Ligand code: COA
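This document starts with one chain, in the form predicted on its own, laid out as structure tokens.
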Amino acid sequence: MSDEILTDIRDGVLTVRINRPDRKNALTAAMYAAMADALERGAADRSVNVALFVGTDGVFTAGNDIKDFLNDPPHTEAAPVHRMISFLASTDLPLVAAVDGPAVGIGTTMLFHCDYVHVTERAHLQMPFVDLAVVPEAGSSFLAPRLMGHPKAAELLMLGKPFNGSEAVRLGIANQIDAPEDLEAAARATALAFAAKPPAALRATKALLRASENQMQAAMKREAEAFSKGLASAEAKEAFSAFLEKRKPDFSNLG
């Protein structure tokens, strides 16, 4: 297990900690693989009743590590990021998250699959996929309008507007706001509350709540196809180059 993804199992709770603070917890393919491995093992472990996602040093995750992403783009379903997303979308294991600071891209979209989300007021959520000339992922193109309506989903997914913890609660992405110093303890208390429930009934209830799972899986397939196509486009090459070069992208002469 990479020291950039730390795991711990105690009292029925699998804690998955994103631990790369020097890069704002930006996720690499190796980190996605470590997370997917830990989650798959946890789901198969009868001592685990809930998974808890946490960040490090006031940061959840800044999203994908762009250099790593470009060196190893996720073109197939076997790619680590797709493995991790597929788990989140299909598991009957209850999922809890504690979000402080940046939660960009997958740092926001993964929350749509969590059953209880704690945030701080200073949480900074954003889904800037279009800005990078790609499309949303993790089923967010299906889940966001279903959760918050088309107008707000379009604002967040098409314009990529950032929003804070209070807005996340108002939109139904998160459940409660905690002070930064109380966040992890509060999230662990929620995880322990899930872990104390009858596990079979709890997982069955989660499965019932996902009655539209087939529609979401179909949306995820469409997203993956559009994402791969967009990734190969001239727009994406310009967007990623501009990001790495810390300049404003210019899409005016791309035909």
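Start at 1 and count along the sequence shown; that's the residue number. Computed from a prediction, not measured in an experiment: that's the story for all the values here.
Form predicted in complex with the named molecule: not shown, discussed below.
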Next on the checklist: Is Pro80 part of the interface with the named molecule in the model of the complex - any heavy atom within 4.5 Å?
Outcome noted: no
Checklist entry - According to a 4.5 angstroms non-hydrogen atom cut-off, is Leu132 in contact with the named molecule in the model of the complex? => result yes
Checklist entry - Might Val104 be said to contact the named molecule in the model of the complex, defining contact as any heavy atom within 4.5 Å? => result yes
Next on the checklist: Is it the case that Arg17, even though its partner is missing from this view, gets within 4.5 Å of the named molecule in the model of the complex, heavy atoms only?
Outcome noted: no
Next on the checklist: Given the stretches 182-190, 59-67, 200-208, 216-224, which is the single one in contact with the named molecule in the model of the complex, using a heavy atom cutoff of 4.5 Å?
Outcome noted: 59-67
Checklist entry - Does the named molecule come within 4.5 Å of a heavy atom in each of His124, Pro128 and Phe243 in the model of the complex? => result yes
Checklist entry - Which residue among Met31, Val50, Ala26, Leu39 has a heavy atom within 4.5 angstroms of the named molecule in the model of the complex? => result Ala26
